[in-house]
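Take a look at this one chain, the form predicted alone, written out in structure tokens.
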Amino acid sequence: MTAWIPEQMVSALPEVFLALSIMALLMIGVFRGDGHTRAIGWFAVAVTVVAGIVVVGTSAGPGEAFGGMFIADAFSRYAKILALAGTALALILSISYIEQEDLARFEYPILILFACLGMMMMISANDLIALYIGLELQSLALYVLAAYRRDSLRSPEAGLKYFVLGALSSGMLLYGASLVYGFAGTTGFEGIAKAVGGSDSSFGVLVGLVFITAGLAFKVSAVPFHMWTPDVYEGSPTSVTAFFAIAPKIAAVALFVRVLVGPFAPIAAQWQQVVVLIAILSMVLGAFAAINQHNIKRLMAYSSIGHVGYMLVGLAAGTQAGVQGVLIYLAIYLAMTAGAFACILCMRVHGRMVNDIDDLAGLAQTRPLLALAMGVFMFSLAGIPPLAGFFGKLYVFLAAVEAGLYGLAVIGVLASVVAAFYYMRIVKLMYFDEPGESFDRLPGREVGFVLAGTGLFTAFFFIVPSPVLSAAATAAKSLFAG
């Protein structure tokens, strides 16, 4: 099927397809106008599906492109499938929301696809330059999406905060990359790995790694680089917040794993200490800071910070089992978070979105199925067995124990217990408090579809976990094959 395509381009075919599709949808939007936003949104969903098929279909490609700056392996394919799935779910959740909130402009789904293209380039980056290009392509689209609601003061404020802090983190990452290049003599991941693998590993490379780690920690919203997350989550339109919480998080964590386990694997003992500290701070802050939150979007922001901490537990192990645990966690996190935000998008009273946690009071009496779905996602996010979230934490904690990081695993379990309090508080509100005003009907069939799919995956993951487990194992193995 790909005989007419240059061999070097086969590996990058999903990105090429996505870029061409974005250009086509942009032209359709320009000539058709905002009245066709729903159609463009569904076309964008179809594009992500086809791109996912192309990712799977090009698995037999040469593996590298653009002079080795781009790599396509089992790890990148796994992460890309998750990023594309997260993008598709966010688009589906957005279609009805942007119409009801009078935000239906054709550039919305196109910006999400641009961000997705940047994510895919990040995931396949095999060079510091390629890494930065993919990161900025994603970030530029996200800055605009955060400020998308032009009739609100909070949305532009969120976009501006994200832009300023994002520019700072990009500067730190670039400075770190320049240090690494100066002392290693190359920006390619393989070359960096050879340079730092010698016994006389340069102190300058370590300093550069510190700055690169800081820049990447900002992108995954890990403590102490998390300060943008609650404000941006709260100020952005809810559908944009859902997208922020799902796909970019997956891509950034995958990039974090590739950078540390790839070119800097020879000095794992040095970066492991930093990752352990970041993981502990993220888990603890995510557990305690969310307790006093009254806005559900801010609560989910701190929840996402905590979950990044759990993911970094697997990365801190620095082993193949640890990376496998991170990849399993990413797949489960995708389903849990998408489902939780589908429930949040249903929090609408008399045609107006409400975001206060107390608005969920008595939901089990007025909307029992929605309360059941929300309860499943809250229990899963808390890590209650036998729901999917329990297995995500189980695999990363087991990897930490196998690597001898007993203290980190214990702190993670204790943070999970604390975090369970605010998840259980939502369940208590829904089932034991007196109901207030009933929520409107589902904002669209699309939201019901996402609720059903993610709810079934979360509730019954333990019955057939092998597809995710085996795919994650293969992806992790490919990262350590070199």
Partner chain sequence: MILSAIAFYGFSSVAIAAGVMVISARNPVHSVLFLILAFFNAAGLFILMGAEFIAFILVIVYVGAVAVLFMFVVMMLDINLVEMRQGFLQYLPIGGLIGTVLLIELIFVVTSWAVAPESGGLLAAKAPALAEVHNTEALGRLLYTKYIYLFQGAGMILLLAMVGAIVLTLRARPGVRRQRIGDQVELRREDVIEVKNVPTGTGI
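Quick caveat: nothing in here was measured; it's all calculated off a predicted structure. Numbering follows the first chain given and starts at 1.
Heads up, the form predicted together with its partner chain isn't pictured, but that's what we're talking about next.
Judged against its partner chain in the model of the complex with a 4.5 angstroms heavy atom cut-off, the residues 114, 150 and 175 are in contact without exception.
With its partner chain left out of view, the stretch that reaches within 4.5 Å of it through heavy atoms in the model of the complex is, among 217-225, 332-340, 188-196, 280-288, 188-196. Interface residue among 136, 99, 157, 359 relative to its partner chain in the model of the complex, by the heavy atom within 4.5 Å criterion: 136.
Residue 66 is the only one of 431, 457, 449, 66 with a heavy atom lying within 4.5 Å of its partner chain in the model of the complex.
The closest heavy atom approach of residue 107 to its partner chain in the model of the complex falls within 4.5 Å. In the model of the complex, its partner chain sits within 4.5 Å of a heavy atom belonging to residue 211. Although the partner is absent here, residue 384 lies well away from its partner chain in the model of the complex, with no heavy atom inside 4.5 Å. In the model of the complex, its partner chain sits within 4.5 Å of a heavy atom of residue 183. For the partner-free chain shown, nothing in 230-249 comes within 4.5 angstroms of its partner chain in the model of the complex, judged by any non-hydrogen atom.
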